[in-house]
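Given as structure tokens, the chain that follows is alone and in the form predicted alone.
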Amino acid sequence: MSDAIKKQIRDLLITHNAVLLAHNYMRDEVQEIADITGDSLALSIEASKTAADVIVFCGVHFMAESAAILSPDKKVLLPRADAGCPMADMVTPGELEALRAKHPGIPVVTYVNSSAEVKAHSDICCTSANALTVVRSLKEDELIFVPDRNLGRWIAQFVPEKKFVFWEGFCPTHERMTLAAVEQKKLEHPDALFICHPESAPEVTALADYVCSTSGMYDYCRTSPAKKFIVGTEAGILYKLRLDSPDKEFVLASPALFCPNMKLTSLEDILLSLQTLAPVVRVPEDIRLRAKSSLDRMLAIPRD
């Protein structure tokens, strides 16, 4: 049955001149059929470069919003409208403006794992891969970092000359990866390197051999001479890690590394979305332009 559904999806993608994007945390079968897989913002950027009329974004709501911000001329579909991000929901524009009022003149650096409205109330965005570069690019010695406190604290240790005001948001999935769970895996696999995402708690990142974004994990594991890795991020990443490096062993750091929102989207959902060309994600133009300004400022920074 799944093969028949995949064929219908591929046929409809051609019919609608559509591109299928899948985040690194999606179900294996969704990543398998996608045109492009990757980090959330990288997917949106790649989609904006295509000649597609329709973007089918297999991810969560803020990701589809980013695609709509960067590709206003394309129709953006989110197969599961209920696929949200708890961390993105931990900050609202009103709350952010209230914090700004307490710290006048201080720039707001906002992680892309946030709503379009929050991006619109920010000065510059960042990803987990470029957050340090973004922070270093700011002339100010003080900044507000929204919404992920763990990513912010990870970055702060490399720029001791800057003062951070942290928003107390977090990723529930990474937060569930406890120090005890990681220590147990390290005992069970003493020959493995431990890699984790900077959304993890500080006591967990302190144990890591390497801390990086999901795309960074692919590069690191593919080029490392090591043959075994304990992986500290959402379980969906194992699909491509194993595909890229079939000669290496990957062990999930904790069974708690499972995001229910990332696992909502099924092949059946994608098929229905292409059949109905819905649900459509739209960003009001005034918000889109302001949010795009924050993204553009980030994208203009030369890479290290």
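Keep in mind the model is a prediction, meaning the values are calculated, not measured. Note that residue numbering follows the sequence shown and begins at 1.
The form predicted together with a small molecule exists for this protein as well; it is not shown, and the discussion that follows is about that form.
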query: Should residue 37 be counted as a contact of the small molecule in the predicted bound form, where contact means heavy atoms within 4.5 Å?
result: no
- prompt: Taking heavy atoms and a 4.5 Å cut-off, does residue 62 contact the small molecule in the predicted bound form?
  reply: yes
query: residue 111 near the small molecule in the predicted bound form, any heavy atom under 4.5 Å?
result: yes
query: Are any of the heavy atoms in residue 205 no more than 4.5 Å from a heavy atom of the small molecule in the predicted bound form?
result: no
statement: Partner-free chain; cross-checking the small molecule in the predicted bound form, the single residue of 252, 54, 70, 262 with a heavy atom within 4.5 Å is 262
message: Whether 23, 199 and 213 jointly form a contact site for the small molecule in the predicted bound form is the question; each needs a heavy atom within 4.5 Å.
response: yes
- line: In contact with the small molecule in the predicted bound form (heavy atoms, 4.5 Å), from 72 to 80, 91 to 99, 213 to 221, 135 to 143, is stretch 213 to 221
